[in-house]
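Listed next as structure tokens is one chain, alone, in the form predicted alone.
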């Protein structure tokens, strides 16, 4: 029998809690906080929970109506389920107020109106104040499902009013099974991708299906072997930032153009030629949109660099495992020769210093240090010492 929970990989305890809430009114509450590390499937679990709620059968598709409800939720077209996901740094007060307005509406066809906020960690305090009352005293048929990496990433006043469900990093075997089931990928290839992605489902899918993604990752891991001096380190840093910037620009360009065209149409200015012909209020809204897009683009660059650093950390994790004689499975099985070479040319203390340098660079990026400066300091610290 098909279940909405099939794609919630490696989370039996969390699924049991959510399923019970759908079928047992005493287990249900009006606000939920789903947390877990990147790639654990927070948004997948939230959408599955939303689908089970609107179908009203705990996720067991016993009727055509329930099956149709599930399909519309997963496609993002169900009128009683509103999902918020953002690439911006923060979710603004205006956006939160829009959500509060939506939450007040009576569900049109389902037992519940469900509001899913996939990036609740981006609700800052001034925005949280606008949300607080709606979560404290929601309409009787409204459910909030907030997602974040951890409880600490959510404003205290919000998280204290939610029931918490924690996801874990799914086993690589379970992620590989999902790739085989969804995409028909060879089991061995799927397992290599799952381990390389450190069980991040989205990244594992990209690595399994996209040769360019695999090539980019391989190029990042080569830094550990090819940085021999300061000159190499500076060149490697420049390449990392250049690639991350190019990726961000490519992924954002089409979306930015579509958003701008949609804004112009909504303002009745889509036939205007050039910014000078536009009224002042229209130019103001366009500037605001462009500012938002620039912030989103910067975040995309930082996210790309952070992913590269996570991959480097996985490489040095493997190096350390070899150096101390651990029998754990290597994350980077395809780079085992490079891992052993770096392990033989250094010692555990140097490996730990390198991981600390990468962790420091990630912290600096999160603190808005210029990407090139943060990455250069990291790559210089990765060169052989002594």
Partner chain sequence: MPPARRSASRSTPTAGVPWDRAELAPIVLIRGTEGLLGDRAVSRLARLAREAASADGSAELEVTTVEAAQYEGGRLAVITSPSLFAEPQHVEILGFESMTDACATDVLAYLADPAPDVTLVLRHGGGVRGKKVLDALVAAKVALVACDPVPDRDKPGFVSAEFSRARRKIAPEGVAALVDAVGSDLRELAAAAQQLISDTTGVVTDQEVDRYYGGRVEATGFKVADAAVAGDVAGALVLVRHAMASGTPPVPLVAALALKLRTMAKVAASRGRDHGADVLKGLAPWQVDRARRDLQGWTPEGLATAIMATAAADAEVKGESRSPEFAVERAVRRIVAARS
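Just so we're clear, the structure is a prediction, and the values are computed from it rather than from any experiment. Numbering follows the first chain given and starts at 1.
Just so it is clear, the following notes concern the form predicted in complex with the partner chain, a form of the same protein that is not shown.
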ask   = Quick one: does residue 12 come within 4.5 Å of the partner chain in the model of the complex, counting heavy atoms only?
value = no
query = Quick one: does residue 25 come within 4.5 Å of the partner chain in the model of the complex, counting heavy atoms only?
reply = no
inquiry  = When the contact criterion is heavy atoms within 4.5 Å, does residue 189 count as touching the partner chain in the model of the complex?
reply    = no
message = Check residue 269 for me: does it contact the partner chain in the model of the complex (non-hydrogen atoms, 4.5 angstroms)?
response = no
request  = May I ask you to choose, among 235, 180, 174, 289, the residue with a heavy atom within 4.5 Å of the partner chain in the model of the complex?
outcome  = 235
ask   = Can you pick the stretch from 208-216, 227-235, 308-316, 95-103 whose heavy atoms fall within 4.5 Å of the partner chain in the model of the complex?
value = 227-235
query = Can you name the residues of 362-379 that have a heavy atom within 4.5 Å of the partner chain in the model of the complex?
reply = 364, 367, 368, 369, 370, 372, 373, 376, 377
